[in-house]
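The form predicted on its own is given below as one chain in structure tokens.
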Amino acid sequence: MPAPTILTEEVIAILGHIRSRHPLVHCLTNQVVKNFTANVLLSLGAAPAMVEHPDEAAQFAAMADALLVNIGTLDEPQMAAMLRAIPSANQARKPWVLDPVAVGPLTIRTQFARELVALRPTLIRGNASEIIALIGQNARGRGVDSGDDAETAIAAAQTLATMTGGAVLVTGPIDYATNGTETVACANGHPLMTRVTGVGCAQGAVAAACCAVTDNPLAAAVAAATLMGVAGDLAARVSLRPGSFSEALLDSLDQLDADILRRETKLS
């Protein structure tokens, strides 16, 4: 189906702002995905930084254009850095993104993520089970994998967005972005994206870069879904195996432009 013109043009504008402004994204993210996350941001046109000492994290969060908080390999020093960086970003009026990896089955990270929600993230990005668990409902997550369909998490996402005053991006075969009142579906993306470590986590960093260049959290969520999804579609046309696909995905992010987005975007 043709993409809604206004939404697609908003995504194109956000990509253009990222390419022209090169927003600096402060990534407090998990140990498994740091290199890939940095390369995704660079391919898109943003600038990554991984500053993790708690004192430096607080200082740097105010300097960066946006902050990513990803709890995938959570430990005490990282928790301390996050609890220093987030208030600093808030005080400096810098947007921040929460990626509540594996929330639900594990107690410490679940409690911690719910505490972070109270600090009002600009955008929350997670799979259906993570989003459902984040508001205290029963979910069927297994580690980082969702056991729930994205559609079943829309109501929970709308609740979260209303709580935070921001936006929520629920990922799945179809991604759903909401600000609590409006909900947008993005049907871009390819199954190979689930077979490369770090693609989802890197999307959280892309969301932070998008937040850095727009005051509209819903537009940032839609852009993060679209940019990664379209790049995944393009990459799958030239690579059908996970190893080469990861390289093709970086190349496709670099390749994105207005013409490609107008032709490929699947928003409704």
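No experiment lies behind these values; they were computed from the predicted model shown. When you see a residue number, it is the position in the sequence shown, counting from 1.
Omitted here: the form predicted in complex with another copy of the chain. The next part is about that form.
- Candidate site formed by 120, 133 and 182: none of these residues places a non-hydrogen atom within 4.5 angstroms of another copy of the chain in the model of the complex.
- Only one of 98 to 106, 182 to 190, 150 to 158, 85 to 93 lies within 4.5 Å of another copy of the chain in the model of the complex by heavy atoms, and it is 98 to 106.
- For the chain shown alone, residue 17 is not a contact residue for another copy of the chain in the model of the complex, no non-hydrogen atom being within 4.5 angstroms.
- In the model of the complex, at least one heavy atom of residue 72 sits within 4.5 Å of another copy of the chain.
- Though the partner is left out of this view, residue 164 does not reach within 4.5 Å of another copy of the chain in the model of the complex, counting heavy atoms only.
- Using a 4.5 Å cutoff between non-hydrogen atoms, residue 216 does not count as a contact of another copy of the chain in the model of the complex.
- Residues are counted as partner-facing when one of their heavy atoms sits within 4.5 Å of another copy of the chain in the model of the complex; in 197 to 217 only 197 qualifies.
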